[in-house]
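A single chain, nothing else alongside it, follows as structure tokens in the form predicted on its own.
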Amino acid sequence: MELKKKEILRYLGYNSQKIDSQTNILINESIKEVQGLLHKYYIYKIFDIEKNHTKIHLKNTHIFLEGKDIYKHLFQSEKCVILAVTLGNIIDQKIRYYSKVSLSKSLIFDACATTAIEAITDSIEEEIIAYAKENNFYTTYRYSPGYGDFPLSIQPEILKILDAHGKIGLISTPDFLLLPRKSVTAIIGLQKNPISKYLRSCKNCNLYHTCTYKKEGNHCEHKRINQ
């Protein structure tokens, strides 16, 4: 799997600056190492949905998706795909190892792993888009807990309905962070009408005034996958 250096540099906080030769060497080494350790663990399920005035209910479950942004995201959808992806524990173990022996290598290796999990999730999204086309549905872009006002506290319930612990070894901490760290959960709507190629404006995001990426002259993952 190709890991784009441009994306790695974005995660490292570079914004068109020239990188030094030693950093470039560490990036190239880390790309090869991450590629050699990559495993593609994932699971997804499709749910019918129903809506009241403020919430989205996944039929045949006890789960309600709350928040204005996820409601808007699935407003025209009849179904949604709940997705979980992880690189597994080996990548986490390597990041912990490098954090003890080389901070630079640790940061670069971490950025390469983040690029890898996003690339793998992109490939699974393509698989879901192909399924949708075969069944006469259009897909929304993917949306994850933590985007906008969609709370991270939904993570344990998402993992439970996917049996993500049993199937791919993915769990949530008491603070709703995913373990292994290089993991993603996301929701993709399936609807009968095509959606416009809508690029979400940063100014419309609930995190506009506190966004770390924006302060660094960069952008978040939500904007990347809508470009």
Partner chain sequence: MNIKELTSKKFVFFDGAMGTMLQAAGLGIGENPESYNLLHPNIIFDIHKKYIDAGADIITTNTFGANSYKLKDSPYSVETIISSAVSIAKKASESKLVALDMGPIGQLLEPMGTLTFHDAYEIFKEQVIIGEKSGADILLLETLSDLYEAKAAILAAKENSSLPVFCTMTFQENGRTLTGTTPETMVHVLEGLGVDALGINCSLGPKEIMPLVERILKVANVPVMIQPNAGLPKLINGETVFDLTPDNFSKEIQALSALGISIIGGCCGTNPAFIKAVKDSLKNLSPVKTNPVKNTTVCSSTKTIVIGDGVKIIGERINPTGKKKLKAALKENALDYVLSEAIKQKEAGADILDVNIGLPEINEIETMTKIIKEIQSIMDLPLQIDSANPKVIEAGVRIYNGKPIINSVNGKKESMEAIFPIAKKYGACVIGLTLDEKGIPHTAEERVQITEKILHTAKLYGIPKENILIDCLVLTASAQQKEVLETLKAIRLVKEKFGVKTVLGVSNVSFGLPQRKLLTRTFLAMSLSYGLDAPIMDPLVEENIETIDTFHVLTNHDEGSKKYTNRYRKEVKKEVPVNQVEKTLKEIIIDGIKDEAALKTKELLKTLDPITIVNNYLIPALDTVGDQFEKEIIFLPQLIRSAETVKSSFEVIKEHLRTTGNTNITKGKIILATVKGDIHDIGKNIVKVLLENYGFHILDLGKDVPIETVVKTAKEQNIKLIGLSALMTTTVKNMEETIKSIRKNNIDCKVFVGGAVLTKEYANMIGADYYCKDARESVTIAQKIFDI
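Residue numbers count along the first chain shown, from 1. As the structure is a prediction and not an experimental result, all values here were calculated from the model.
From this point on, the text means the form predicted together with the partner chain, which you will not see here.
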Evaluate Pro180 for contact with the partner chain in the predicted complex, applying a 4.5 angstroms cut-off between non-hydrogen atoms, and reply yes or no. yes
Do Ile90 and the partner chain share at least one heavy atom pair within 4.5 Å in the predicted complex? yes
Since only the chain is shown here, I'm wondering whether Asn136 would be in contact with the partner chain in the predicted complex (any heavy atom pair within 4.5 Å). no
Although the partner chain is absent from this view, report whether Leu107 comes within 4.5 Å of it in the predicted complex, heavy atoms only. yes
Counting only non-hydrogen atoms, which stretch in 136 to 144, 113 to 121, 91 to 99, 69 to 77 is within 4.5 Å of the partner chain in the predicted complex? 91 to 99
Sole residue of Ile56, Ile43, Val184, Ile31 within 4.5 Å of the partner chain in the predicted complex, by heavy atom: Ile43
